[in-house]
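Single chain ahead, written as structure tokens, the form predicted on its own.
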């Protein structure tokens, strides 16, 4: 789910710069307004982004199930008390509201990743941020987008290998240690191979990037992104 899929959806036809600005604006609005109406509003925008990319919300949530499971612990931990009544509802609800702000950002990110080629992302970043900082940030984003799905696949392979060798009989902490160590070893090995591959292919800091051009369909997305980005200033 967290990788580019060729297609002809509305999201695929948008300029990556407008999609990046929309993500940026939505993230600012979600973090700056920790209220239920704003949470509902940003989630509605995120669902529209999924619809534009023709993604199923349930499928996206399944892809983020580990992240969501970790986030779901925050309200429980916030509500636990060391004395009677042992669990406080108000802190748990406040924590759930703050954690919920991350959900629309994750949904929009999934729509972007599946509808935008890595080269287009790098081109958009380097055009928005000129000079060496833009080149470094563009390369970093491109490498993260390419490698993150591979790292997740390595973690799954290590987990399956542990289970195939009877690892379920081991204590939980021992399985967690093995998973972390083996996954880190694979990640470091993959980074070494990536370094060799970049040198072998004469890695260039400023290659010829794909041309980008705004279309009429991009302007409403840009307007919404800018409005979301400046919403904290308007609300003050």
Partner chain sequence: MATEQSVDLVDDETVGLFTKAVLLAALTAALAQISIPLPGTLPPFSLQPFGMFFAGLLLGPLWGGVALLLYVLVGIAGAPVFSNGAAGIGYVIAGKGTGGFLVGFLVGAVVAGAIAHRSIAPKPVADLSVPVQVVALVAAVAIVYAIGIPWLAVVTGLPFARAAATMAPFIPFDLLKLGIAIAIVQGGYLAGR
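Residue numbers count along the first chain shown, from 1. These numbers were taken from a predicted model, which means no experiment stands behind them. Superpose the two forms; the largest set of C-alphas matching within 1.5 Å is the rigid core.
What comes next is about the form predicted in complex with the partner chain, which does not appear here.
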Query - Candidate from 39, 27, 52, 60 lying within 4.5 Å of the partner chain in the predicted complex - any heavy atom - result: 27
Query raised in the report: Is residue 156 one of the residues lying within 4.5 Å of the partner chain in the predicted complex, judged by heavy atom distances?
Result: yes
Query raised in the report: Hey, in the predicted complex, is residue 195 touching the partner chain, heavy atoms inside 4.5 Å?
Result: yes
Query raised in the report: Taking the shortest heavy atom distance, is residue 147 within 4.5 Å of the partner chain in the predicted complex?
Result: yes
Query - the partner chain contact at residue 183 in the predicted complex, heavy atom, 4.5 Å - result: yes
Query - in the predicted complex, residues of 127 to 156 near the partner chain [heavy atom within 4.5 Å] - result: 136, 137, 139, 140, 141, 143, 144, 145, 147, 148, 151, 152, 155, 156
Query raised in the report: Superposing on the rigid core, do we see a C-alpha displacement of 2 Å or more at residue 183 between the shown form and the other one?
Result: yes
Query - Threshold 2 Å Cα movement between the shown form and the other one for residue 28, core superposed - result: no
Query raised in the report: Superposing on the rigid core, do we see a C-alpha displacement of 2 Å or more at residue 123 between the shown form and the other one?
Result: no
